[in-house]
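Take a look at this one chain, the form predicted on its own, written out in structure tokens.
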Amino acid sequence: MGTEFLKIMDCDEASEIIQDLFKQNLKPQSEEIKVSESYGRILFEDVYSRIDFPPFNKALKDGFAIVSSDSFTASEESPNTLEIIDFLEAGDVSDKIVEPGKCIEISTGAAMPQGADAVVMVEYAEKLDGKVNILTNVTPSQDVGLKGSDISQSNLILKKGEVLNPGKIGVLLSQGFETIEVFKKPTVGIFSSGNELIVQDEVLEYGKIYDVNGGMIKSAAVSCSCDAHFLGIMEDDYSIVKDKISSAVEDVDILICSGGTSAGLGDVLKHVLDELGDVYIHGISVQPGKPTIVGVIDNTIVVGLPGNPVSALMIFNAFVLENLSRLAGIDKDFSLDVVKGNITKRIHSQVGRMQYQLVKVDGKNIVPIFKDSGAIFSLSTADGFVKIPKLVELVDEGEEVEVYLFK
């Protein structure tokens, strides 16, 4: 099964294969969750209003609900006097009808009483014993929130693919939604592979290094709206790798392993994938990241990233990020994550394979970061990377380039 070990594949071909594997093996799923717990989640379908909002005519200010025509000749010098027949607080309803010459004292948010069509603010009224002097004129509907003026029933209020923030959650709650259907987060499992790796709470002995890729790739997957879990470090042992991968693919949609992807004697991931499923890619014509593996085990996509952190993150961003994001319901134009500028230093590239060059963006200046793929600090200073085509040997100083920004 699978392809020839380290049969190098062109970047565009590899990208198409990965995209097809996602489409064939993984479909976007939905789940229903509480609106109160939906912050940051992505709507799975369009949402329509259930009711008018406000659901009734309501007072927008504290004051007096009147028949507006009772105020037309009123002024501070010559006020109109009305009889107060009731008092309404928010949540109360009056069974009294406001007729000409009468009014009801009302609080902000209270339902407008029958007969009244405007509110005179308390600042423009003088309350007397059972009566009120109106000191200004108001127009019909003044300081009244009309029924359905904000949202009409059965109107589209939120669109599929929108990310729920506090404002959008507020709209849903105003419509009485207790639950809402959102995209189910794809589950991503992450392994790091290598006998030299230890976790951060262990003592750093000579010859060992702390694992970087596990937490880093987990964070990258979380940024794609995935439910990501670091599953631990695998030793470079065939039986251990096989057992851990066999178990992991039963619980995740995508399994990402870093390290153990090259053609060295200690690297076993490709052979395990060949035995358990199908290998579709082993080797991409790209620098860094050449020994990337992509396979499928029982509809679970398995991606083997290089062990070097820079290579691992670059390959994730170049080949995995967009596919994961779309599976999670993120519908966006990823070309907007590309900016243009002029390179500040000459870049030499090896002809024959695509090169990804880390860069920092400083306005219109694009500054190359010249460090090897194991240089961790370069990741913290880089804003993204430049793609140098496989037939280009030199990008000269001042040349315009496109930068693919890190998420």
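The structure displayed is predicted, hence computed values, not measured ones. Just count from 1 along the sequence shown to find any residue number.
Here the subject shifts to the form predicted together with a small molecule, a form of this protein not shown in this document.
Answer yes if any heavy atom of residue 304 is within 4.5 Å of a heavy atom of the small molecule in the model of the complex; otherwise answer no.
No, residue 304 sits far enough from the small molecule in the model of the complex that none of its heavy atoms falls within 4.5 Å.
Any chance residue 292 has a heavy atom within 4.5 Å of the small molecule in the model of the complex?
Residue 292: no, not in contact with the small molecule in the model of the complex.
Taking the shortest heavy atom distance, is residue 288 within 4.5 Å of the small molecule in the model of the complex?
Contact with the small molecule, no.
With the partner left out of view, is residue 212 within 4.5 angstroms of the small molecule in the model of the complex by any non-hydrogen atom?
Residue-level check for residue 212: yes, a contact with the small molecule.
So which stretch, 145-153, 107-115, 126-134, 203-211, is the one near the small molecule in the model of the complex (non-hydrogen atoms, 4.5 Å)?
Correct option: 203-211.
Tell me, out of 71, 325, 192, 300, which residue has a non-hydrogen atom within 4.5 angstroms of the small molecule in the model of the complex.
Looking at 71, 325, 192, 300 one by one, just 192 meets the 4.5 Å heavy-atom criterion.
Between 174, 187, 141, 308, only one gets a heavy atom within 4.5 angstroms of the small molecule in the model of the complex; which residue is that?
Of the listed residues, the single hit is 308.
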